[in-house]
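Below, in structure tokens: the form predicted alone, a single chain.
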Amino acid sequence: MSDFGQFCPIALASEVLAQKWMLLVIRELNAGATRFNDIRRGVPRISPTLLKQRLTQLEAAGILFTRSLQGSRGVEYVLTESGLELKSVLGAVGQWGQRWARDISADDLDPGWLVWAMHRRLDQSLMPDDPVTLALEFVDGPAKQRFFWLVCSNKAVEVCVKPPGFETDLWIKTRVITLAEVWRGIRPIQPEIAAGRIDMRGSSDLQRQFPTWLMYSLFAGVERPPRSSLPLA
């Protein structure tokens, strides 16, 4: 039964895609997440029960299928051709959001999500061959989300919320909004470093190299008009 009472393809697609959290779940799947816990780390405010419901709905719509993991009772979620085709839809929505959506508010600033997004977009081809441990300290973050570590080794990056047991090679101290806007491409990183708003401690080589490792948000290159240029209602 139709939710909107229309046969328009946009209406029919909206029956699945316009539900709360759905596009973010699909975003995580298109970013390479296949395990339940990894998907939830990318959408941390969704409850496990609702995430399970959304994944079931996506499977019923033919957007993904489940596959048993060898040697495990768990399953992984794999996009179908239909689901992979949504990548261009997400790209268009993201570009529009980068250009026209509202400014970042305090409620948007989840340090854990920011670090999770960053760990997928580090250019490991430019990183040292030896393992590197980065510590991120958010001076204005909640007590339980103030410190994170990125352990980069063997061309993989692991996010840790507790000290990983390795010596920290580079310590980065900043505010959540500062790194969030740098990541979004709203402000360039070098002036933030020069002004001390991104404070780095560690070897001078790693401090110099760190900005080159960041590939930033996929939408960082989309120009955002100055808010003052928008017409008033």
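Position 1 is the first residue in the sequence shown; the rest follow in order. Because the structure is a prediction, the values reported are computed rather than measured.
Only in words, not in the display: the form predicted together with the DNA, which the text now covers.
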Q: Report whether all of Ser153, Arg175 and Trp213 sit within 4.5 Å of the DNA in the predicted bound form, measuring from non-hydrogen atoms.
A: no
Q) Could you tell me if Arg54 has a non-hydrogen atom within 4.5 Å of the DNA in the predicted bound form? A) yes
Q. Does Lys162 reach the DNA in the predicted bound form if we count a contact as any heavy atom within 4.5 Å?
A. no
(Q) Check Lys144 for me: does it contact the DNA in the predicted bound form (non-hydrogen atoms, 4.5 angstroms)? (A) no
Q: Answer for Phe219 alone: is it within 4.5 Å of the DNA in the predicted bound form, judged on heavy atom distances?
A: no
Q) Heavy atom within 4.5 Å of the DNA in the predicted bound form: which of Pro188, Gly196, Gly32, Pro48? A) Pro48
**Q.** Candidate stretches 154-162, 96-104, 67-75, 132-140, one within 4.5 Å of the DNA in the predicted bound form by heavy atom
**A.** 67-75
**Q.** Members of 27-42 lying within 4.5 angstroms of the DNA, judged by heavy atom, in the predicted bound form
**A.** Arg35, Phe36, Asn37
